[in-house]
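Starting off, we have a lone chain in the form predicted on its own, written out as structure tokens.
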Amino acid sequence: MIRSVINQEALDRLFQLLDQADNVVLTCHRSPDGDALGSVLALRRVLAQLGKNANVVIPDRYPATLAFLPTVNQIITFVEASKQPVVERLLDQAQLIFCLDFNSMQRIDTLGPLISNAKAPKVLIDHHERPEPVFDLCFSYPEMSSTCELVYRILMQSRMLPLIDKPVAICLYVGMMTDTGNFTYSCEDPDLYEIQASLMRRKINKQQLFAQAMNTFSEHSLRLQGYALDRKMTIHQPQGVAVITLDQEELLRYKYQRGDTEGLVNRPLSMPAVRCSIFVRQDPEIVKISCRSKGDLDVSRICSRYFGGGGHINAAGGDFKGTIQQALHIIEHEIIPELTPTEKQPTTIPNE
């Protein structure tokens, strides 16, 4: 039996807010992944079944690899100039705002000030540590595998499982699957597998969902990842840290599209000698940092301390407002020395 872990007083308050709200806006973090998109789309569909006028607004475009998610075409993207007046109107009319899968208004970029200044109460549903004290109601459970798991638990304790139809189940399953690397990390709780079984009873095809969300790549994506592993991966010993970097010129050369490097950061961990993998990608306005690890090596602490991010012990990320060279300097001269298991100075094994 799945445990009831959600605070009942918070649930009661949530439904008080819902009773008073007809117009609802849902949002998630920039560069949305499967958990971010899955959670907002699943909750939006549930709210629509409750008779709410619910709209999903996100900071920027979602990756093409997630275009198969049900009702994803109804998402409103704030980065598109033509949609900004629509977003402003929706937020002005909103009576409740759900903030999913992020813990800081900085995570939603230029959408942040609009959400912050909106008059409607803001409800956080998230599994990252240390949420900002800017939300009116907070469901913050860092021990959860994903925000989608948290949404499921909220629905379960609210006796709304009958509202989880096949489209909702698809969205929730994809979020849980992608945020755990197809259930390979952050998935020690046996409850997670009972939730997975419950979703599968909605007739979802988990093999197909895995193929669509995690194992579908364009030719350019495969060539980019091959180039990154062959030419841009450096292994630092004795720390057992692999670092991969891709700059803007390299991304353009391989016609990079959002989602093309999905899963790349996990690849070095297949080597027994590597216990931490760091991927550094230069986006147009920011440097993206992704970290993965094995065992008890806490990469969420690294991302929080150096890159204003966070996540889980074995999977975390952050942003760096500088050059890729500056980010790499921090990694090589501050982070990697911290991970040295002996007093020896780190040596670097470059690619041939």
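In this text, the rigid core denotes the largest set of C-alpha atoms whose superposition between the two forms falls within 1.5 Å. Remember, predicted model here, so these are calculated numbers, not experimental data. Note that residue numbering follows the sequence shown and begins at 1.
There is also a form predicted together with guanosine-5'-monophosphate (5GP); it is not shown, and the following applies to it.
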Self-check item: Output flag, Pro32, Arg61 and Gln257 jointly within 4.5 Å of guanosine-5'-monophosphate (5GP) in the model of the complex, heavy atom basis
Solution: no
Quiz item: Which one of these stretches, 322-330, 63-71, 287-295, 47-55, sits within 4.5 Å of guanosine-5'-monophosphate (5GP) in the model of the complex when only heavy atoms are counted?
Solution: 287-295
Quiz item: Do Asn103 and guanosine-5'-monophosphate (5GP) share at least one heavy atom pair within 4.5 Å in the model of the complex?
Solution: yes
Practice problem: Examine Leu43 and determine whether its closest non-hydrogen atom to guanosine-5'-monophosphate (5GP) in the model of the complex is within 4.5 angstroms. | Solution: no
Quiz item: Do Arg107 and guanosine-5'-monophosphate (5GP) come within 4.5 Å of each other in the model of the complex, heavy atoms counted?
Solution: yes
Practice problem: Look up in the model of the complex whether His236 has a non-hydrogen atom within 4.5 angstroms of guanosine-5'-monophosphate (5GP), and give yes or no. | Solution: no
Exercise. Would you mind checking 292-315 for residues with a heavy atom within 4.5 Å of guanosine-5'-monophosphate (5GP) in the model of the complex?
Key: Arg292, Gly309, Gly310, Gly311, His312, Ala315
Self-check item: CA of Ala48, rigid core aligned, shift of 2 Å or more between this form and the one not shown
Solution: no
Quiz prompt | Rigid-core frame, C-alpha of Arg30, shift of 2 angstroms or more between this form and the one not shown | solution = no
Exercise. Return yes or no for Gly311: a CA shift of at least 2 Å between this form and the one not shown, with the rigid core superposed?
Key: yes
